[in-house]
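One chain is shown next in structure tokens, namely the form predicted alone.
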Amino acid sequence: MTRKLYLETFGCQMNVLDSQLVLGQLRAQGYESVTDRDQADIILYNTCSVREHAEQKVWSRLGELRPKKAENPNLIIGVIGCMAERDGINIFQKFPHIDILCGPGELDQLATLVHNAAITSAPNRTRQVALMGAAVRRSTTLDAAEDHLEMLDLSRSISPSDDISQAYVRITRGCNKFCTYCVVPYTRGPEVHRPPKNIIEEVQKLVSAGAREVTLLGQTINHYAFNHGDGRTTTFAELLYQIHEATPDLPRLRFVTSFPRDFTNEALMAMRDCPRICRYLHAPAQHGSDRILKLMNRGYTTAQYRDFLSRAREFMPDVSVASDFIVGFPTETEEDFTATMELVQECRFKNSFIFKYSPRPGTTAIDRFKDDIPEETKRRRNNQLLAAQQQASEQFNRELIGHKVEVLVEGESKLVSRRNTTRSNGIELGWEKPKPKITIQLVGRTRGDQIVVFEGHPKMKGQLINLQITSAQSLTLFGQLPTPKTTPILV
């Protein structure tokens, strides 16, 4: 009997890609993917430890499954990803009905873990665990030969039902930065840079299957440097050039997330010179105070961050930049916060992801610093910074009103989901009724990652189209399809 599998993903793009890869392996072994949790024989949650809100959702989901597991002891429940790695077997104490734990560094073993759990009925089932544990705390870069996770990427399968018009491909795994507020180096391990040949072949495979946009992923993606072992090193800039030239049928290539320090002019030149590389940078600043940046262990100053933005805009005046910020970090003063406000107002970010600091278990900051900023102060500063960014975003977007932009259509807009049916404007003949024209509210993204909402046909999903921008808000552009030119009829 085919077992039904439900997989829900929380967190970043890397988690989304992890879920796609393991789902492909499990489908290849005969498991059927379902979207209704209640129909599943196996339930997996791919988890995130970076934000408290994402964790709370997982705890809630697991709590909901407790009575379901009591009703059906053969139901298999698994927690994979960063929460599994960080909390380890301690999760079993709080949720004894969990059967599988698998960290992000061991996902190549997940198919085996699921199989082992599935072939044994309760109550004889043994818990399946694959965690990196203490080994994850190494800060040295692994050699490609040690990278057993590479097989997970290389075994990527694409089903005809998969929507891969927008696809992810990782080029690095892990992180060596050890920012004091972040748990990623402890859950995903040290930096591993994939061989450029494997990356290029994976992108080519996706393009052949219909990908219109590929996003390269890495925690600090611009630090990519693959050592070939013969004295040669492929840099991030060289990799961008190679992928661009090897995939002439790929309309769009982009990447996230960039670390502000050490972003080379060569990489900026690659973005400038390769027309199909999107001129978009996601480069988290995190704070506007050098004192707080030092406490965060970010490794750069605000002057260095400003220099990075200046160089980027010198090479590409039309580049779109997004950032991240944390407010209420321990010891943050009003003066520190004002410096962040000034950075946001000065730098003209397309948008910023703004978060209130919350101590994360497993990070250096939770042990080193007292969480001494009152919640009320965090909330006020968060709202002030959001308002400043909203004003900057709206000004940034309004500059596009009246311009034509290229948009990759992602699907139906969540802002407006109503379906409009209008009659065509053709002449209605006595023996022929006009066919209705179905239009819905669609959403797409520009090369600069701006969201555009417009009226269009459902079949436009996955297509690249040109739109005229008619109005703008802080988070959304509104556009319309060009009016088709008509040829006058001479009588």
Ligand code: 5AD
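Small disclaimer: the values here were computed from a predicted structure and weren't measured. Each residue number is its position in the shown sequence, starting from 1.
Same protein, other form: the form predicted in complex with 5'-deoxyadenosine, not shown, and the subject of what follows.
This chain is drawn without 5'-deoxyadenosine; in the predicted complex, the residue among Ala312, Val409, Cys182, Ala118 with a heavy atom within 4.5 Å of it is Cys182.
With the partner omitted here, the residue from Gln391, Ser358, Gln384, Gln204 that has a non-hydrogen atom within 4.5 angstroms of 5'-deoxyadenosine in the predicted complex is Ser358.
Mapping the unseen interface onto this chain, Asp324 counts among the residues with a heavy atom inside 4.5 Å of 5'-deoxyadenosine in the predicted complex. At the 4.5 Å threshold, heavy atoms of His457 stay clear of 5'-deoxyadenosine in the predicted complex, well away from it.
Not displayed here, 5'-deoxyadenosine is approached by Pro284 to within 4.5 Å at the level of heavy atoms in the predicted complex.
Heavy atoms of Val58 never reach within 4.5 Å of 5'-deoxyadenosine in the predicted complex, leaving it off the interface. Heavy atoms within 4.5 Å of 5'-deoxyadenosine in the predicted complex belong, among the stretches 66-74, 448-456, 48-56, 461-469, to residues of 48-56.
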